[in-house]
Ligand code: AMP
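Next comes just one chain, in structure tokens: the form predicted on its own.
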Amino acid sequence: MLLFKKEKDLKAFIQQEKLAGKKVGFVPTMGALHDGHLSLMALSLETTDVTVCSIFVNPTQFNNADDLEKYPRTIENDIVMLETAGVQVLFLPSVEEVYPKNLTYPDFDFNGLDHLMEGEHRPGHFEGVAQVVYRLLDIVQPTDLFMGQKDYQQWRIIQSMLEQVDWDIKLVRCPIARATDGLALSSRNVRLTEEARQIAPKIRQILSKAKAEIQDLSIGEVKNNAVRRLNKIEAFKMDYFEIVDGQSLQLVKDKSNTQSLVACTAVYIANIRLIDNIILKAL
């Protein structure tokens, strides 16, 4: 596996590969890799010629300094996982390399995609996400970008960003990778206590019940039932549970007026914030 720390060196390599007619897949991460990340890389390895993974803990997307400080950093283990998976390139830049002085960005308009859910509860988060993904894409210049469905709102915002910059990059939405008990894989899971880890899969169970109910009940009834179930579990502190249009991410009241529905939730358990979602009506 090749390791690059400098923009100019990686760009020179990628340019050479693309001139040779190779498709370049890109998986941006903040490290602390797990099987969820590896599922994205496996899809890239299967469908492109060269897979690039970046590891960069982006300070601009943390609205909580304590969360940034506690974010797990396991670079040595990450490198072993990437090499074992067969990833060809690791980009491991410094903050100064990603954010040099006098760097400028387009003025993105997400038309409300960034206002609800994560945007409401984590002010400035998506501004930081869009900033770093734009910057990394400008450096890597891949043909294909792989992102997971677990961060559904993030995926939709990056899709909008790509439409606005008109780059020739294919955005691939990858299915949520889950543990055998249904818990969505996340770097934060390692911080869960043993007791919390046993309770956390109930988030997925409640989402699945919402999916089962959507055919026969109104959106309001489905949401109320889910909120009641979440609040009934003492270990949970719900941040939100929303049912939104799969494209606009706006709240939906009448399920007959939209072609796609997604239920999204964020829940604290043992002071660890977990997010998850389920598609209720096909995109």
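For every residue, the number given is its place in the sequence shown, counted from 1. All figures in this text were calculated on a predicted structure; none of them were measured in a lab.
In what follows, reference is made to the form predicted in complex with the ligand, a form of this protein that is not presented.
Visitor: Where does the ligand sit in the predicted complex: which of 217 to 225, 28 to 36, 236 to 244, 43 to 51, heavy atoms within 4.5 Å?
Guide: That would be 28 to 36.
Visitor: In the predicted complex, is there a heavy atom of the ligand that lies within 4.5 Å of any heavy atom of Gly148, even though the partner is absent here?
Guide: Residue-level check for Gly148: yes, a contact with the ligand.
Visitor: Check Pro175 for me: does it contact the ligand in the predicted complex (non-hydrogen atoms, 4.5 angstroms)?
Guide: So Pro175 counts as contacting the ligand.
Visitor: Can you check whether Ile79 is within 4.5 Å of the ligand in the predicted complex, heavy atom basis?
Guide: No, Ile79 sits far enough from the ligand in the predicted complex that none of its heavy atoms falls within 4.5 Å.
Visitor: Is it the case that Leu185, even though its partner is missing from this view, gets within 4.5 Å of the ligand in the predicted complex, heavy atoms only?
Guide: Output for Leu185 is yes: heavy atoms within 4.5 Å of the ligand.
Visitor: Name the single residue among Tyr99, Tyr71, Phe108, Tyr134 that comes within 4.5 Å of the ligand in the predicted complex, judging by heavy atoms.
Guide: Contact residue from the list: Tyr71.
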